[in-house]
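The chain below stands alone and is given as structure tokens, in the form predicted alone.
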Amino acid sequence: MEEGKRLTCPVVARTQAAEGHVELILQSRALARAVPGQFAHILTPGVLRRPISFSRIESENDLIGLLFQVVGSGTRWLAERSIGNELDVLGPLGNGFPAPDPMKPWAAVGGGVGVPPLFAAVQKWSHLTGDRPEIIIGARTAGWVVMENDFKELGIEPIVTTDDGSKGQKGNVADPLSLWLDNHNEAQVYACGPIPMLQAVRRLSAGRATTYLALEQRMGCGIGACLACVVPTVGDFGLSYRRVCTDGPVFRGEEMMW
């Protein structure tokens, strides 16, 4: 698959995904060939582009989704785009999730804006296994929960956690994940979210499941040249620094040196 191509993509739909969260749907044949976990680098006013993972990938319609939280001037500008506007996009970029082993149970665990790339994965691969994947999604508060209804439309009822207990279970994703792991052997866990959440997922899964972690990281160029997004990893040759934009953003849990 061709990667890193500069594209001009029209916005064909815009929705308010949650309080302070917007999802844009773009039409692009090139981007719609992406793998869940890959991302697009979006040009916004200012110096740096904004990396955003794909929230949905519909190759049959040449459509992709970008769901993000409005946190600064760049994402505020992006949130103001409307149908018919065009975006300057580099993508698809990075290495995404592998397809799950159909013979093993799997769970998708997302926190905040880490939920969207997991929805793209479930949308693509939930039919591969006899049992539906377990979906665990977390947010700070009820108004910030994203894509719950999208999972329901796939026939999957997600477990929802909120820090303040305003929706679903009070707390974070660790407790329901631990309970699920207690009841499933040789499992696979796909996760994306803040680093403390990913650390907890890796710790709980150690010795019990294969984990794939999609990192959220500030980036400069998005194509591996600037080295602004390197993270320490460990492998056969010891410690090494790897680029989230090109070596990731998806890494196996045991690779991360936290």
Partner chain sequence: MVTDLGIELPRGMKLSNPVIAASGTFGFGSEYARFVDIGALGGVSVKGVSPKPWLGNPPPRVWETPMGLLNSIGLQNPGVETFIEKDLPLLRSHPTKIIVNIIGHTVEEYRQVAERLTNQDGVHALEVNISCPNIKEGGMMFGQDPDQAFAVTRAVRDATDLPLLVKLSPNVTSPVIIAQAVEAAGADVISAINTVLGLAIDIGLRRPALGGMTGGLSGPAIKPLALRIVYEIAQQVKIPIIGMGGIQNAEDVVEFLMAGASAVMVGTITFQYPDRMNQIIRELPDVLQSCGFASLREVVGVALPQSQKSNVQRAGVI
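Basically, rigid core = biggest C-alpha set you can superpose within 1.5 Å across the two forms. Numbering follows the first chain given and starts at 1. This is a predicted model, so every value here is computed, not measured.
One more form of this protein should be noted, the form predicted in complex with its partner chain, which is absent from this view; the next part is about it.
- Checked against its partner chain in the model of the complex, the residues I135, L78, L90, L181 give one hit for a heavy atom within 4.5 Å, which is L90.
- Proximity to its partner chain in the model of the complex, defined as a heavy atom within 4.5 Å, holds among I195, V70, L63, C221 only for C221.
- At a distance threshold of 4.5 angstroms between non-hydrogen atoms, A206 is out of contact with its partner chain in the model of the complex.
- Among heavy atoms of V234, none comes within 4.5 Å of its partner chain in the model of the complex.
- None of the heavy atoms of R33 is located within 4.5 Å of its partner chain in the model of the complex.
- Heavy atoms of R50 reach within 4.5 Å of its partner chain in the model of the complex, making it an interface residue.
- For its partner chain in the model of the complex, the listed stretch (187-195, 53-61, 24-32, 37-45) containing residues with heavy atoms inside 4.5 Å is 37-45.
- The Cα position of L239 differs by 2 Å or more between the shown form and the other one after fitting on the rigid core.
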